[in-house]
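Have a look below at one chain only, the form predicted alone, in C-alpha cells format.
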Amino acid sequence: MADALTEKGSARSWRAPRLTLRQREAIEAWLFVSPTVAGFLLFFLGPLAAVVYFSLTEWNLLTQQATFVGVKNYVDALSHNPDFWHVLRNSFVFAMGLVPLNMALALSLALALSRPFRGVIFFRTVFFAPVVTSAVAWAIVWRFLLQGEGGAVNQMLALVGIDGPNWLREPDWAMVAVIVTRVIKMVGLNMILYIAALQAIPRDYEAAARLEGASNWQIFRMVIWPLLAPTTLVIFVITMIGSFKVFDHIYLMTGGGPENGTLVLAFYIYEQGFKFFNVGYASALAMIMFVIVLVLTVVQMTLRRRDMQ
C-alpha cells in the first residue's frame, strides 16, 4: 500500500518540462517554414546535387550505365567542342538583344500607361495578355505569320513595296525574329512591374521638380529613373535569367536552325540529354549555364550596390 502511494505521489510530482516563450515561438516558426524548407530541399537542392553528380559521370540514358569521369565533361565542353562556343555565342547574342529591348519597351509602355486616362485598363490588358498566353500557341502562330511566301508579316510588307525575307529560314534574320517575338510575349510582365514602381513614387517629388523649372526629360533622368533603380535591377535579373533559359520558342519556331543560327544553350542541353542521351555531358552544360547566370547576376548586383554608395 505504501509502495503504491509512493508511486502515485511520484507520478503526480512528475510534470512535462515547460517551454519558455522563445522556445515555443521557435517551434512554431519552424513548423510554419517547414513546408518551404522541405520543398527547397526536395525540388531545388536535391536536383541540383544530382545534376552536379551526373556532370561528373559519363551516363548514357539508354543503357543506364554511369561511369565516374571527374571533370572530363567540363574539359570536353570548354576545350574540345567548338559547337559549345558557337552555342554560347548565340546565347549571349539572344540575351543582349532581348534584355535591353524588353526593358526599354517595358519602361516606355509603363510611362505611358502609369497615369489614369480613359481606356488605360484596356491597353494594360492588351499588352499583358501575351504573358498569360500559351507559349506553344504563341510560337506556332508566329511561325505561320513569319513564313516566307504566305506569311502575314511579309504580305503586309508587300503592301508598302517591301520584299520581306524568309524570317525563320535565313540565318541573318532567324535570331532577330525569335528575339522580337519573345520580347512581344514577355514585355507585359516587366511593364506591370514598372507601373507598380512608378505609382509608388510620391507625386510630390515631381511637383517640386516642376516648381524648380525642370523639364519632363530632367524629371525622368534626375528624379524618376534613380528611384526606379531597385525595380530595374530586379527586372534585369529575371529577364536575363529568362533569356538564358529560353527553350520553347527555339524548339517550336526554328529548332535551333537555320545552320544552328538560333541554337542556344538551353536547347543545346536538351539535345545532348534527350536526343543524343549524353546525360553526363548535358548536366555539365547545365552547370556551366548556372555559373554564367550566377556570375552575371552577382556582377550586376555588385555594380548596383557600388552606385548606391
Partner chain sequence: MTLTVRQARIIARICWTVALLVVAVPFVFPFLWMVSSGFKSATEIFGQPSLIPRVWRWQNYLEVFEYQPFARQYFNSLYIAVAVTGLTLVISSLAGYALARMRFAGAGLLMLFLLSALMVPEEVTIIPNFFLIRWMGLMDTHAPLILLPVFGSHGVMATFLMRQYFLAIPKELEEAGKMDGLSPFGIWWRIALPMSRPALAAVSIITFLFSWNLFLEPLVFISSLEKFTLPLALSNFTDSYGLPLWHLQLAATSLAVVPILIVYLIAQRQIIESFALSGVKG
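Please read these numbers as outputs of a predicted model, since none were measured by experiment. If you superpose the two forms and keep the largest set of C-alpha atoms that fall within 1.5 Å, you have the rigid core. Positions refer to the first chain, counted from 1.
Below: the form predicted together with the partner chain, not depicted.
S.K.: Picking from 129 to 137, 94 to 102, 222 to 230, 81 to 89, which part of the chain touches the partner chain in the predicted bound form when contact means heavy atoms within 4.5 Å?
M.R.: Only one stretch passes the 4.5 Å heavy-atom test: 129 to 137.
S.K.: Using a 4.5 angstroms cut-off on non-hydrogen atoms, would G39 count as touching the partner chain in the predicted bound form?
M.R.: Result yes; G39 sits at the interface with the partner chain in the predicted bound form.
S.K.: May I ask you to check whether V264 falls inside a 4.5 Å heavy atom distance of the partner chain in the predicted bound form?
M.R.: Because no heavy atom of V264 falls inside 4.5 Å of the partner chain in the predicted bound form, the answer is no.
S.K.: Contact between T125 and the partner chain in the predicted bound form at 4.5 Å, heavy atoms?
M.R.: Because a heavy atom of T125 falls inside 4.5 Å of the partner chain in the predicted bound form, the answer is yes.
S.K.: Indicate whether the partner chain has at least one heavy atom within 4.5 Å of a heavy atom of I269 in the predicted bound form.
M.R.: Because a heavy atom of I269 falls inside 4.5 Å of the partner chain in the predicted bound form, the answer is yes.
S.K.: So which residues in 149 to 169, when you check the partner chain in the predicted bound form, have a heavy atom no farther than 4.5 Å from it?
M.R.: Heavy-atom contacts within 4.5 Å come from G150, A152, Q155, M156.
S.K.: Has the Cα of E28 moved 2 Å or more between this form and the one not shown, judged after a core fit?
M.R.: For E28, whose C-alpha is compared between this form and the one not shown after core superposition, the shift is 2 Å or more.
S.K.: Once you overlay the rigid core, does the Cα of F40 travel 2 Å or further between this form and the one not shown?
M.R.: Passes the 2 Å threshold, so yes.
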